[in-house]
Every structure is written in structure tokens, then in C-alpha cells.
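One chain follows as C-alpha cells, the form predicted on its own.
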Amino acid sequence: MVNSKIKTKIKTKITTGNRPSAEARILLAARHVFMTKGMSGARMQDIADEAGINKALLHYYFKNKERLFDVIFRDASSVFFPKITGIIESTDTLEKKLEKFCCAYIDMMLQNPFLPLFVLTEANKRPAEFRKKFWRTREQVFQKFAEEISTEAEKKKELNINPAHLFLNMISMCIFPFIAKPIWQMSTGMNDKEFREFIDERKKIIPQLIIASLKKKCL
């Protein structure tokens, strides 16, 4: 006789084959729906249809789209923040770190273009909860970077750097095109392919602007 555990494994393999689990399909579907419709426009039914499951099964795994988004956001953060930490803690020059920081930030936005509006909304509606759930101890990474920037400014007297302005300028220039994408495309007539090429150009342009500004007495 075949062992019952072996039977179960065989049955599972026949039933599922190489298909991803229902939860994995839901997350993939949710990411696609969020990307195409945005957080506010996405509906649970849209996600269920995209995943090829019924809505009851979707609610079994995730009660609402906010829970779904939490998981997707944490997943994106688990890749992004270690990368940023690695950049900041590296032995690269400040200029090289700024270049890598902008590239990493823009790449994250390209992979998750729905994130900026969600983050802004959540951070404004529930700042304490948002900080507890998503930010945690990550302030330390940016504080360390700010200290390094200040130290660099002391060494090179020609640099005039206020870390707060530097961060705000750099992050704003990275994020704003994604928030303003519909208006920008309507104004310029850019299609999605042209917009992607434009964003890829900004990976080089933003660090150049930031680095140039550091050598002027404007910050």
C-alpha cells in the first residue's frame, strides 16, 4: 500500500502542478490591478478576476484591499530599504552614493508606481500608525546619511549642504513624475514607452542637479 503522506503529496502535485499558490496569485494580481487602476480605483472584484478566483476565496486570504496593499508594500520595502542601507553604508564617495540612491529610488517607483500616492495618503491620514507599521527604525539610516553629508561639508568648504534640503530636493525630484504622470503625459503627449525613457534619463539628471547645487551657496 502507498503511504498516506505520499498519496497526499501526489494528489497535491497533480492538482496544482507548477501553478503558484492562491495567495501568490492574489498578490501578483493585486500588484497588477494597483498599477493599472491605482489604490483608490482598485476593487476587490477586479483583483479576484485578475487572479482567476472567486471573491469569497480572495476575502478568505485578505479581508480588504488595504490588507493586501500592506503585504505588497512590506514586500517592496524589504527589497528597497536594505538596498538603500547598503548604498549609505558603502565606502563610495558622497557623489556616487547620491547617484546610486536616485537610481534605486526611481527603480522602486517604476516597479511600484502606485506606491507614492498610497504612502502620502496613509502618512497623512494615520501618521502614528504609518510610522509604526512601515517606518519603524529606518529613521536611523537617513540620520546616518545626514551626519555623513554634514561631515563631508565640513571637510570640503566649497560645499554648502543642508541635509534636510538635500533629501527633500532629491526625493521630490524622484517621486513627483510618478504622481504627476497623467497630467505630464497629457501636457507633453508622451506615451508610456516615452515616459519610461524620460524617467530613465532622470536617473542621471537628478544626481547631476543635486551635485551641482552642493557647490553653490544656495542651500
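Here the structure is a predicted model, which is why all the values come from computation and not from measurement. Numbering starts at 1 and runs along the sequence shown. Whichever C-alpha set is largest while still superposing within 1.5 Å between the two forms counts as the rigid core.
The same protein also has a form predicted together with the DNA, omitted here; what follows describes it.
Judged against the DNA in the predicted complex with a 4.5 angstroms heavy atom cut-off, the residues W184, T188 and R196 are out of contact without exception. The contact residue chosen from I53, A29, M173, L166 relative to the DNA in the predicted complex is I53, the criterion being a non-hydrogen atom within 4.5 angstroms. Not displayed here, the DNA is approached by Y61 to within 4.5 Å at the level of heavy atoms in the predicted complex.
In the predicted complex, the DNA sits within 4.5 Å of a heavy atom belonging to Q45. Not displayed here, the DNA is approached by A22 to within 4.5 Å at the level of heavy atoms in the predicted complex. Taking the partner from elsewhere, I179 is found to have every heavy atom lying beyond 4.5 Å of the DNA in the predicted complex. Put the two forms on the same core and the Cα of V33 is off by 2 Å or more between this form and the one not shown. Once the rigid core is used as the reference frame, the Cα position of A56 differs between this form and the one not shown by 2 Å or more. Fitting the two forms on the rigid core leaves the C-alpha of K181 displaced by under 2 angstroms between this form and the one not shown. An increase of at least 3 Å in the separation of the C-alpha atoms of S40 and I183 is found in the predicted complex, compared with the displayed form.
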